[in-house]
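Only one chain is included here, represented as structure tokens and corresponding to the form predicted on its own.
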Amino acid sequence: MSDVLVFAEHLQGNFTDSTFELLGKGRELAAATGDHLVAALLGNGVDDMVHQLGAADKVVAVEHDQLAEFNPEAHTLALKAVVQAVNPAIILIPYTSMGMDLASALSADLDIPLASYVADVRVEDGKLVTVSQMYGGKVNVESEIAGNQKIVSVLAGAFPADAGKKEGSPAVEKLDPPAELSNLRVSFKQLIEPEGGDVDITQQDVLVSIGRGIQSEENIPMVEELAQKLGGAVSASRPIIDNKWLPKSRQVGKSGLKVKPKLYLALGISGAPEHIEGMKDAELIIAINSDPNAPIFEYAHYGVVGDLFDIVPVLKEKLG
């Protein structure tokens, strides 16, 4: 086996958590194989960002004005150039909106096998083994990937980000940008960001989160009152957002926001894998659900089997 390559994903000058998650896991894989960890940094004017990639042994950078904003065609061309220069055995790409474009295109262009939806990856007896989630996380599939090179597209939140957060001065190699970047079929026009919600749930110390168990929109004020007494805000699982009972900015989960509050109080949330991915790193998780077999109890530090409509009024009364 040879080096491990991590695609360093960034947006508007900031690395995503997925970048550090993969750097941490990449460091572990490189140690297991006795090889080096290399970060692929694509952009324009990214020299000031290199010090944040201290977990890597080396950074290979490609700079071009067409890489200033994410463009799937441009970034695929640049990442392909890095892969051909480094010739890594393992290529780690986050399974994000950016990474989904890159991993599949890179796999097709270079004829490299791709494992996607990956929740775990390890080296066993010199072979790369991945665990992929299927059917919304209901089934885990373990695969042994053959070939000299492999692309692994990893789910956000699969590994701790802190393991990859290390500042330093890794060696930097700059590659000439591919000539094709001057003649692209796809061009970046504008980044349109969603309007900010009334509450940024990623910054809250306390979240009271609701799921299907809330039953109707008319019951949400009761929970909002509880959240106010706790000094927090109301968040929700996807069904509540799909019903338009709360804005998208309140959604926790794979297709929503990842949160790390000091307290996460889950009311009537069963605990689908997509939701767990967004809140599993909370310092304290308390779940209230009438179903004793709800998956949320596997992740909660404390659990109450009961009807939230009986328990929430008591909590409000105790809080005064």
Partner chain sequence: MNIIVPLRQVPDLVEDLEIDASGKDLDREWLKYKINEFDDHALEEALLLKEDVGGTVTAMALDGDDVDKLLFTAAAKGADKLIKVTGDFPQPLSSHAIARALASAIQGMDYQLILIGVQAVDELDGQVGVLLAHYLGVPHVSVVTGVQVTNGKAVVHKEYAGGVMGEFEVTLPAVLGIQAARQTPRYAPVSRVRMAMRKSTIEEVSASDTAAGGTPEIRKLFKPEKGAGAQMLDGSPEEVAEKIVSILKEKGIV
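Under this definition, the rigid core comprises the largest set of C-alpha atoms superposing within 1.5 Å between the forms. Positions refer to the first chain, counted from 1. These numbers come from a predicted model, not from an experiment.
Omitted here: the form predicted in complex with the partner chain. The next part is about that form.
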item: V206, L246, L175, I220 - the one with a heavy atom within 4.5 Å of the partner chain in the predicted bound form; value: V206
item: Proximity to the partner chain in the predicted bound form, single hit among S169, S187, N148, Q215 (heavy atom within 4.5 Å); value: S187
item: Candidate stretches 288-296, 56-64, 25-33, 39-47, one within 4.5 Å of the partner chain in the predicted bound form by heavy atom; value: 288-296
item: Non-hydrogen atom contact L263 with the partner chain in the predicted bound form at 4.5 angstroms; value: yes
item: Partner contact for V139 in the predicted bound form: the partner chain, 4.5 angstroms, heavy atom; value: yes
item: Heavy atom of D200 within 4.5 Å of the partner chain in the predicted bound form; value: no
item: Residue contact check: Y95 to the partner chain in the predicted bound form, 4.5 Å heavy atom; value: yes
item: Contacts with the partner chain in the predicted bound form - residues in 229-257 whose heavy atoms fall within 4.5 Å; value: L230, R238, D242, N243, K244, K248, K254, S255, G256, L257
item: Shift of G45 between this form and the one not shown at or above 2 Å (CA, core fit); value: no
item: Flag for L11, CA shift 2 Å or larger between this form and the one not shown after aligning core; value: no
item: Rigid core superposition, P273 Cα moves 2 angstroms or more between this form and the one not shown; value: yes
item: Cα-Cα trend for L284 and A161, given that in the predicted bound form the distance shifts by 3 Å or more; value: farther
item: Outcome for the Cα pair E9, P273 in the predicted bound form, compared with this form (closer or farther; change of 3 Å or more); value: closer
